[in-house]
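Just the one chain here, laid out as structure tokens, in the form predicted alone.
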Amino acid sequence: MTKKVLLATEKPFAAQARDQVVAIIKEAGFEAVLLESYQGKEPLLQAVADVDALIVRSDIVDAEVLAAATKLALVVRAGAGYDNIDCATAKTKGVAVMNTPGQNANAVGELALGLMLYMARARFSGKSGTELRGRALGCHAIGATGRALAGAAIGIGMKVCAFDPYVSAEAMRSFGVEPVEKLEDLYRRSDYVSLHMPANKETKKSIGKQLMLLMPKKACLINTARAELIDEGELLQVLEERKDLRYASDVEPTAPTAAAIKEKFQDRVYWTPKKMGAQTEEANVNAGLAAARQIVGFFTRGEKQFIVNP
């Protein structure tokens, strides 16, 4: 029986990416179904009922969605982070979950650099700002996205260091980054700290007052990862206590924290209107095509390389 693949994107891929994803699915002899720009959960619950595979972006695939998907064998998150998918429930139902690591890395890395430039130049307000050249950047985690940012930062003359217990010091040095053994030292010595960790039990609310207060005068924390990494209550406290500290993010703080931060500290904080780290034509194409190819490989050749809930 022909495999049925649903591309469910509340925030759609660029048309070019979507069309290429569909072409790969059809070329494999599978049926492609599109659910784009939908609102609410009901359209997704109906659409997943009879599909064998599902491609999503930031769409929520929770226990209710998985219960509605009676034939589902594979969910692929077109991107690196997969905390929007209930991996544990998927595993109990025999549904494999994959991500597409590295496909959005350059897009997110460039956005992080853009946020740094924006904050360095006084938010393009016309006031005198500073240059990034010669400043110290600390990458909190140095996976694919951290490496993309590090390369760009080194290219404009920044000094880059990183903390990542999963990457060897030798590997860091090989791409021009100085390894830091203690996390506290990373924050203490960096004019800019950029977050690149996933959101999990160990990392949620792990960035709080203790680390932020270590940052140098006029330092800036950059978050293009997940809002959950930040202890938002402590962020408010730090912004109140440190009149020089700045925060720029690709993820809006949750209410009521967001309103409080905007009201009190709008001259020192910024976040994008919508999460846009992967919103480039190139990243859309890269992640979408990777997802489609992984689905074809899973069903036709039994490939399981990127499964995150083994």
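Start at 1 and count along the sequence shown; that's the residue number. For clarity, every value in this text was computed on a predicted model and none was experimentally measured.
There is another form of this protein, the form predicted together with 3-phosphoglyceric acid, and it is not shown here; the text below is about that form.
This chain is displayed without 3-phosphoglyceric acid, yet in the predicted complex the stretch 52-60 from 237-245, 52-60, 31-39, 253-261 comes within 4.5 Å of it by heavy atoms. For the options Ala278, Leu44, Ala69, Val269, the one in contact with 3-phosphoglyceric acid in the predicted complex, meaning a heavy atom within 4.5 Å, is Ala278.
Between 3-phosphoglyceric acid and the residues Gly143, Pro216, Gly81, Gly129, the one pair within 4.5 Å by heavy atoms in the predicted complex involves Gly81. Taking the partner from the other structure, 3-phosphoglyceric acid in the predicted complex has a heavy atom within 4.5 Å of a heavy atom of Arg77. With a 4.5 Å cutoff on heavy atoms, Arg226 counts as touching 3-phosphoglyceric acid in the predicted complex.
In the predicted complex, 3-phosphoglyceric acid lies farther than 4.5 Å from every heavy atom of Ser194. With a 4.5 Å cutoff on heavy atoms, Ser190 does not count as touching 3-phosphoglyceric acid in the predicted complex; it lies far away. Using a 4.5 Å cut-off on any heavy atom, the one residue of 100-131 that reaches 3-phosphoglyceric acid in the predicted complex is Asn104.
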